[in-house]
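The form predicted alone is given below as one chain in structure tokens.
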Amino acid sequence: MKTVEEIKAAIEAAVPGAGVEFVSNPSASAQHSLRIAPQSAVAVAKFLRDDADLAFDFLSNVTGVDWPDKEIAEKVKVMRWVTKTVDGPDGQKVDQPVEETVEETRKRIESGCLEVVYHLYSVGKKHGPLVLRMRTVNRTDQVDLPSLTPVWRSAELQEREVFDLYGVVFGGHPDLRRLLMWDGFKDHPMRRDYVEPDDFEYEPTPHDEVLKRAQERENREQRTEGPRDRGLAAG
């Protein structure tokens, strides 16, 4: 099998403007991957499947990754006017504005995203895996990515799972709907900021941790209920 760098070069030669990025893996496995631009993902996938040397005809696995927003602290050098006491012409001490370079720590928020990871193999050539990645713009209102199900049918249920658990919306998917959770379920359970509800409507007899959460919720509601509310409830 060609190296990931060689495959990247082959993609760029075959798909103009492919927007392929090499992603290094510093771990012992050194399983490097390629991040592809969503707008060219289907064209890249077809090339990887149909190219005679690569022939990635089998997609084994699709999974999701949640990258939340994160705060980044950066040290920057800025010019600032400061007042310093210096010796004047007559030998007297005087205050004088002086421009000097100071170092400041500035914080910024880096927007998070959702990532989908595909593992490809070639049955005919007996090589792989090749790891492909795609990222959404953010985690809120721009979570669309193209479906690769039209290229590899084995992506169908796995993309539905990623849609269900992470919230990625796959454009061009033939049957995009929840797979594990029910239609009315709120949120996406595999996101890092997901909070489990205190109880579940499908569990008629709460027990163990579910019962404990339900009791804690009831206690919180009783503590926050005002005297007037209690009087109205009693009346």
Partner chain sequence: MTVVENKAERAEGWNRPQVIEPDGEGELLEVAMGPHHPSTHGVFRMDVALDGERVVRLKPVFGYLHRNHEKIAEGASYLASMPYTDRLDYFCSLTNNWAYALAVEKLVGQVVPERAEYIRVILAELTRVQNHASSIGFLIQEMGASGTPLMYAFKEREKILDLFESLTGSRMMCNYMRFGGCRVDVSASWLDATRKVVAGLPAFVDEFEALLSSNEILMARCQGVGILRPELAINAGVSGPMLRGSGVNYDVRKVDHYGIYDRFKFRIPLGDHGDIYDRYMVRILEMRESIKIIEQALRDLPAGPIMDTRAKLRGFRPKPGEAYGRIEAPKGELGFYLISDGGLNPYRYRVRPPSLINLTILEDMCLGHNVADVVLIFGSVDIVLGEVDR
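Residue numbers count along the first chain shown, from 1. Please read all numbers here as calculations on a predicted model, not as lab measurements.
Omitted from view is the form predicted in complex with the partner chain, to which the following refers.
- Using a 4.5 angstroms limit between non-hydrogen atoms, Q39 is distant from the partner chain in the predicted complex.
- In the predicted complex, L179 approaches the partner chain with a heavy atom inside 4.5 Å.
- Heavy atoms of F170 never reach within 4.5 Å of the partner chain in the predicted complex, leaving it off the interface.
- Contact between V65 and the partner chain in the predicted complex is found at the 4.5 Å heavy atom cutoff.
- Interface residue among L157, I72, V86, V76, judged by heavy atoms within 4.5 Å of the partner chain in the predicted complex: L157.
- For the marked spot (S27, S60 and V117), a heavy atom within 4.5 Å of the partner chain in the predicted complex is present in each of the three residues.
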